[in-house]
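First, one chain by itself in structure tokens, the form predicted on its own.
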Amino acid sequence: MLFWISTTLKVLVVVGFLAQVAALLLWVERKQSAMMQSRIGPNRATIKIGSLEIRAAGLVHSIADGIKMVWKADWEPTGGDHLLYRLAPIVAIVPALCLCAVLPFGPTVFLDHGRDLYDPAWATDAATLARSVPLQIANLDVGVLFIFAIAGAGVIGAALAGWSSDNKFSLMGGLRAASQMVSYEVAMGLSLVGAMMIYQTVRLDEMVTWQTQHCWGIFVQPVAFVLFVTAAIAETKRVPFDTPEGESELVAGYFTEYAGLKMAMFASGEFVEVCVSSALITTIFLGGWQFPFVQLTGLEFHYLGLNISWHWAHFVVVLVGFITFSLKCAFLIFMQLQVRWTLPRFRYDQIMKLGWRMLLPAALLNVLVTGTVLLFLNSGNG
């Protein structure tokens, strides 16, 4: 019963949180673009309660956009495939939400308060584990493999939208999205091979545990970090990789013929992908929820002859871990938003060359170097 209740609550909280973050990021991006272009940005939509007028720095614009999308005319192209046309927005956003299921966004919450929280054995005791709630919806043994299996399905939504719209610009956008996502998923997958060789696991929670015991993945796999971040930005189809929806070339690309809530699903799915990619980068390369020198029992610092041990209440450790994970994700999200307003759109041929001629060879070379180093170190230990 505890498992089903906790899982249901985690699903509702994560999905609801992502929906709110997507709306907030729309406002953040508008404000940020206004700052970089020396203009005001959203500031007109207000909430009036009697004589009281609430502007809230333009935050009300997200609410206004939501209301507008609900009431906007929802029409379908007469010559298109109506079933696939309606299915495409769902296929585009659902895989991004499913990816959150395997991401650990905090340390395990232990409910057995009768045990000594400062005993190192308490967190591995079977009775204690039976009364624990991991801050992860599904702790799958296939971890990273699940990520790539589900993320690969996202391209189907863009391809279906382009095909079913009966519009040449939409079709070209769908084809561009399919080829771009397939190209960069190869480099993205290979960039993680080196990290998995070091972590000796594909489970995301165990990757965080390894980084807690040793160091963050960015320090042992810096090349993989750069390659993965680049490929992740390309997967979200945002500037400078937004050729599938380039306004100056394809009107709006694969969702040219969409309006109302269907278009809102495409836009929300894009922001959800940004959040999920940031959470994945945080988990694999930035230590996940781990804060330096913070363990399950509190602050532990034993280096250079200095020994500091400061025990905290368990809920404080959980809170620190969750806040740490959120701040790391927020930083990566802000970085991706900055990239949009810093670099111009690449040409389609430049995107293909970057993926196949630069990222892919670099990822293969990183795997070779990582394997060679590990083989040398293991032979030395032997």
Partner chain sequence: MPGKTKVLKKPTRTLADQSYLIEVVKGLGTTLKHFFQGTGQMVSGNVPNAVTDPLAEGISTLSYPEEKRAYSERWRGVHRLTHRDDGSPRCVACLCCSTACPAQCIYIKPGEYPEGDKRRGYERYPVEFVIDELRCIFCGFCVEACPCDAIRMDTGTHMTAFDVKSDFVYDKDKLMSMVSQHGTQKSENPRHEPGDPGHPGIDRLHGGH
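Residue numbers count along the first chain shown, from 1. What you see is a predicted model; the values in this text were computed from it and never measured.
Separately, the form predicted together with the partner chain exists; it is not shown, and the next lines address it.
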{"property": "Contact at Gln32, Met36 and Met335 by the partner chain in the model of the complex, all three, heavy atom at most 4.5 Å", "result": "yes"}
{"property": "Contact label in the model of the complex: Phe346 to the partner chain, heavy atom within 4.5 Å", "result": "yes"}
{"property": "Non-hydrogen atom contact Thr342 with the partner chain in the model of the complex at 4.5 angstroms", "result": "yes"}
{"property": "Partner contact for Val226 in the model of the complex: the partner chain, 4.5 angstroms, heavy atom", "result": "yes"}
{"property": "Non-hydrogen atom contact Ile54 with the partner chain in the model of the complex at 4.5 angstroms", "result": "no"}
{"property": "One residue of Ala313, Ile67, Ile323, Ile40 in contact with the partner chain, assessed in the model of the complex (non-hydrogen atom, 4.5 angstroms)", "result": "Ile40"}
{"property": "Candidate stretches 314-322, 59-67, 327-335, 46-54 - the one whose heavy atoms come within 4.5 Å of the partner chain in the model of the complex", "result": "327-335"}
